[in-house]
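Below you'll find only one chain, the form predicted on its own, shown as C-alpha cells.
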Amino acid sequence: MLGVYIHIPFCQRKCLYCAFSSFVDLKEKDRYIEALKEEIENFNYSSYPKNLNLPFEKGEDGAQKPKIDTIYIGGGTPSLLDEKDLTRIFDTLKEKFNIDADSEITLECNPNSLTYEKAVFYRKLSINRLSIGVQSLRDEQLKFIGRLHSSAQALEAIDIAKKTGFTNISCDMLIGLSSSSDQFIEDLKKLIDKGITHISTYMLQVEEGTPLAKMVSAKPHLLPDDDQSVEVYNKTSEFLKNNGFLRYEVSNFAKRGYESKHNIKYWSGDDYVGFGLSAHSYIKGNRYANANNFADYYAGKSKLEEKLSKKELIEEHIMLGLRYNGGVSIEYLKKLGYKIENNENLAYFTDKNIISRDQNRIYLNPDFYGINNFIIVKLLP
C-alpha cells in the first residue's frame, strides 16, 4: 500500500543546524494550507507512468480510492498547526484516499508546542504515533543549537503523550553535541524510563550555509570529532540493545512491534507520495519532488521528475537495504540484471561475518553499520 507524507514548513525559530525547508514567517500559513489541500485534491495517478497497478479499494463512501496504510506529517513543526488547519488536511486526505483501519499515522512535534489539549485532539483525528524532537536533555546543549524547549519540557511532553493515550512515542536525539557517551546514555535512560517505544539517534550534520557551519568554521574544535561521535554511537547501540530496543536501521531503534512503518517504506523501496513544499514521492521506480519555495509551489511547478535507470535502482536498493534489517533482495537485483552472488566481496564479507544471507536476501551485521558506506561501495556492480 501507499504511504503519504505531508510537509509542514513552519517553525517558531529555525535551529542553528537546520538545512531543511522550514520558515519562521507564519503569514504564509493559511495560503499554504489551502495550496496543500488543492495538491491533495488534484492528485491523479494518470499523471504517473502507465501499468503501475497501484492499490485501489472501495472506501466508506463507495468510491474507488487509492489505499494507504501510513501517514507521516513532518516539518518544520507540525504541532504549530491549530485544530482548524489539521482538520482541513485530514478531511481532504479522507476524501482522496481510503485509509486502512490499521494505518500508522505519525505527527512530529516539538516539546514546547505540545499541549495536553492538542494531544487529545490528535487522538480524535486518529493520529496514533508522536515523534518528539527532544534532541538533547542538556539545557546548555539545547540552547547551543537554538532549540526553544528545555529538558524539563521534553520530559513533560512525553508525560502528556502518555496521559492522552499514546503508546507509540518516538524521540529524536542528536549524537555529536558532546563527546561524553555516559551523558548521552544517561539521557536515553531518562527517556526509556518514561516509557517511550522508539528512539532515533541521528549524527549531527554541519550543513553548509547554516549558522552552525559558520560557528564551527570559526572554532573548528567546537564539536566532537567523527571518532568521538562514532564511539558515542557504538556505546549507545549497545545500551539500547541491552534495554530491549531493536536496531532496525542505522539510526533507528524500537521496541519490537514499534518500528516506523512509514520510514520502512523509504528503506525498502515501497511506494509513497509526498504533498507540500519540498516533498518527495517515489512510485514504481519513478521519483518526484515538489518545488522548495512558496512561489513555485503555489504555481504547481515540480523540482524533479525522473525515472530511475536499472543501474540507479540497483545502487539504491543495495544502499538502502544494507541500512536496515530488511536487507537486500537477491532476486530483485537479478531481475535488474545484477547477480550480486558473483561479487567476490560478498563472499569475503560473508566469511568474515560482516554480511549474513539466506536463500534470497543478504543482511549487514548491525555491528558494522558504522562502516556501511564502505561495504555498500564494495557490493555495487
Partner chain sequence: MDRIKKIRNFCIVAHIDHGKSTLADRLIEKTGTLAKRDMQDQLLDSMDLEREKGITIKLTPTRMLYTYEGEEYELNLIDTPGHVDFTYEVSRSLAACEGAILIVDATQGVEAQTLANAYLAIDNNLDILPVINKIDLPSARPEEVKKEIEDVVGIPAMHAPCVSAKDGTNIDQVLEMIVKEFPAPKGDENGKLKCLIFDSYYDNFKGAICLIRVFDGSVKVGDEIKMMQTGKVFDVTEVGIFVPSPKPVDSLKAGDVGYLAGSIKNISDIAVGDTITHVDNPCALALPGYKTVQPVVFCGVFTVDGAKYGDLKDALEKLKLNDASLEYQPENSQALGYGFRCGFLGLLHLEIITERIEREFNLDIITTAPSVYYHVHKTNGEMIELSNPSSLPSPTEIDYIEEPVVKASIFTPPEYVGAIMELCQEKRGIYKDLTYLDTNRVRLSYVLPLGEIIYDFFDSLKSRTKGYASLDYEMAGFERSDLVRVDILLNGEKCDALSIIVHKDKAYSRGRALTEKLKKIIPRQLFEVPIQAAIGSKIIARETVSAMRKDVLAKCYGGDITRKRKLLEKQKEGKKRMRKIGSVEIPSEAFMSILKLDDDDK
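Predicted, not measured: the structure shown is a model, and the values here were computed from it. Numbering follows the first chain given and starts at 1.
Unshown form predicted together with the partner chain; subsequent notes refer to it.
Residue heavy atoms within 4.5 Å of the partner chain in the model of the complex occur in exactly one stretch of 310-318, 63-71, 324-332, 36-44, and that stretch is 310-318. Site residues Gln205, His280 and Leu304 are all in contact with the partner chain in the model of the complex, judged by any heavy atom within 4.5 Å. The shortest heavy atom separation between Ile371 and the partner chain in the model of the complex is within 4.5 Å. The shortest heavy atom separation between Val230 and the partner chain in the model of the complex is within 4.5 Å. When contacts are judged by a 4.5 Å heavy atom cut-off, Asp226 counts as touching the partner chain in the model of the complex. In the model of the complex, the partner chain sits beyond 4.5 Å of every heavy atom of Ile340.
Distance criterion of 4.5 Å from any heavy atom to the partner chain in the model of the complex singles out Val250 from the list Ile127, Leu86, Val250, Leu240. With the partner omitted here, the residue from Asp187, Glu108, Asp271, Glu259 that has a non-hydrogen atom within 4.5 angstroms of the partner chain in the model of the complex is Glu108.
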